[in-house]
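Given as structure tokens, the chain that follows is alone and in the form predicted on its own.
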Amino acid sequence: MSASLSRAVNVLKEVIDAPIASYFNSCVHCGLCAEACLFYTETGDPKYTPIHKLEPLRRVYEQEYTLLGRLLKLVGLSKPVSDAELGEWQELVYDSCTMCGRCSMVCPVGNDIVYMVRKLREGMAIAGHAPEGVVSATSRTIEIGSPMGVKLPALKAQIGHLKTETGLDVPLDLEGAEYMVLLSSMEIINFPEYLNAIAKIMKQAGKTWTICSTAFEATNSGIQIGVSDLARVIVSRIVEGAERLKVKTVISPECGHAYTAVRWEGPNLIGRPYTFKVQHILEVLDEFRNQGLLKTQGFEEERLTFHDPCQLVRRGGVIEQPRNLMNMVSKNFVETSDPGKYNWCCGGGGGVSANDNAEEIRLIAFKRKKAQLDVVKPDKLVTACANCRIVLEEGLEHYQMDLPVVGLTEMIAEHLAES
């Protein structure tokens, strides 16, 4: 066996575990996952079928761990996986999969295809076949603390602007606060109105809150690239910051994969339960609504619809909260076709938006979202994920659709009742 062949096989063998084995054994090859994937539905190309994207991992599993697979490999009827083949497979595993989870949801035997893709990505990343854009974002996160290279001075500058404009302060490193607010780099750079909204809402609700100067970034590129060791480093910073400040709740921002990383993956990554609670900002806002702490006035005049971020809604179960909040500020809220957990991905999650190689196929896949919006014909599109927001804006511009995209948190803040 050549060195490159041995390397490819060995790294994939390392990521195969009991769930992977059970999923491959239970797959009935029904093809339902294809119809759930926007990369397949918008191209019609069978290579984009989700289970097909896992072919290298399946072959290594069969050749190394099943009797029939070993025999087929021995007589030359089952092609071994090579390092070069993994390089060719990058398009399917990274460029045309957002890990949105729609394929996992429709699988009739309950196979978690997203989990399998994560495992294959881990093997490919170790073998050196992750896209440069995602690799660079992960490296910046590990070295600097942010995938976009945002450092503490940039955050402090935004805090200074906010105080000048509104008179509201953003407490840094406040020990014993009820809430520790996380941000994504996109919110700091692209959507500073998000932090403004948080400050206004917390003041109205009468809650103590803070931002940790050593752990303000929520985006976890380690999850996107598929390397658990790197994801663990990023999550650990948040855990250490929250425990040092003795906060009760950590708030994940309007960012889907950040929520997945810190809320669902985090305790498994660090190997112990948290000493604090983790909630998405929409969960917190809906709690404030229930407690009578979130008071709004007036309603949006336009026809609104909501784009459900995959990691937040389908994978995270935050379904009713955004609808409760939308109804606080809109009397003309309409659902898309396939709303909630069935919603179609924006096409840019899972690191796809950070991957320059994926731009062409991402814009083709956006036709699925375009079709949803063409039916509803909203005046404004609301969402709760900064990455979705940017991808939606790019897709709408590409297809020359004049449709503003706004974050739900900032919309709520704009309608806060005056004290």
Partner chain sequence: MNEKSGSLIDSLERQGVSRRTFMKYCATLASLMALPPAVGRAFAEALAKATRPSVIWLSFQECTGCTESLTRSHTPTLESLIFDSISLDYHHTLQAAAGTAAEAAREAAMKLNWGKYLLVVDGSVPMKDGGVYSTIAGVSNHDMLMDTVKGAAAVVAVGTCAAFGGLPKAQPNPTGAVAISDLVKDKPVVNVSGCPPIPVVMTGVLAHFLAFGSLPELDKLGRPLAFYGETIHDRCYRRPFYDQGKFAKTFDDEGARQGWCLFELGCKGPVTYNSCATVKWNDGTSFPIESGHGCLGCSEPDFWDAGGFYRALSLPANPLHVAATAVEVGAVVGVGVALANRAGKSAAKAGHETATLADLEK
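Please read these numbers as outputs of a predicted model, since none were measured by experiment. Residue numbers count along the first chain shown, from 1. Rigid core here is just the name for the largest C-alpha set that superposes within 1.5 Å across the two forms.
The following text describes the form predicted together with the partner chain, which does not appear among the structures shown.
A.B. asks: Out of the stretches listed (220-228, 238-246, 150-158, 200-208), which one is close to the partner chain in the predicted complex, meaning heavy atoms within 4.5 Å?
C.D. replies: Of the options, only 220-228 has residues within 4.5 Å of the partner.
A.B. asks: Answer for residue 370 alone: is it within 4.5 Å of the partner chain in the predicted complex, judged on heavy atom distances?
C.D. replies: So residue 370 does not count as contacting the partner chain.
A.B. asks: Just to confirm, residue 129 within 4.5 Å of the partner chain in the predicted complex by heavy atoms?
C.D. replies: Residue 129: contacts the partner chain in the predicted complex.
A.B. asks: So in the predicted complex, does any heavy atom of residue 13 sit within 4.5 Å of the partner chain?
C.D. replies: Contact check for residue 13: yes, within 4.5 Å of the partner chain in the predicted complex.
A.B. asks: Heavy atom to heavy atom, is residue 7 within 4.5 Å of the partner chain in the predicted complex?
C.D. replies: Looking in the predicted complex, residue contacts with the partner chain include residue 7, since a heavy atom lies within 4.5 Å.
A.B. asks: So which of 305, 184, 96, 138 gets a non-hydrogen atom within 4.5 Å of the partner chain in the predicted complex?
C.D. replies: Comparing distances to the partner chain in the predicted complex, the residue within 4.5 Å is 138.
A.B. asks: By the heavy atom within 4.5 Å rule, which residue out of 162, 125, 215, 174 makes contact with the partner chain in the predicted complex?
C.D. replies: Checked against the cut-off, the match is 125.
A.B. asks: Using a 4.5 Å heavy atom cut-off, are 64, 67 and 142 all in contact with the partner chain in the predicted complex?
C.D. replies: Yes: each residue has a heavy atom within 4.5 Å of the partner.
A.B. asks: Tell me whether residue 396 is among the residues that move between the shown form and the other one (Cα shift of 2 angstroms or more, core superposed).
C.D. replies: No, shifts by less than 2 Å.
A.B. asks: Core-aligned, does residue 12 move its Cα 2 Å or more between the shown form and the other one?
C.D. replies: Yes, residue 12 moves 2 Å or more.
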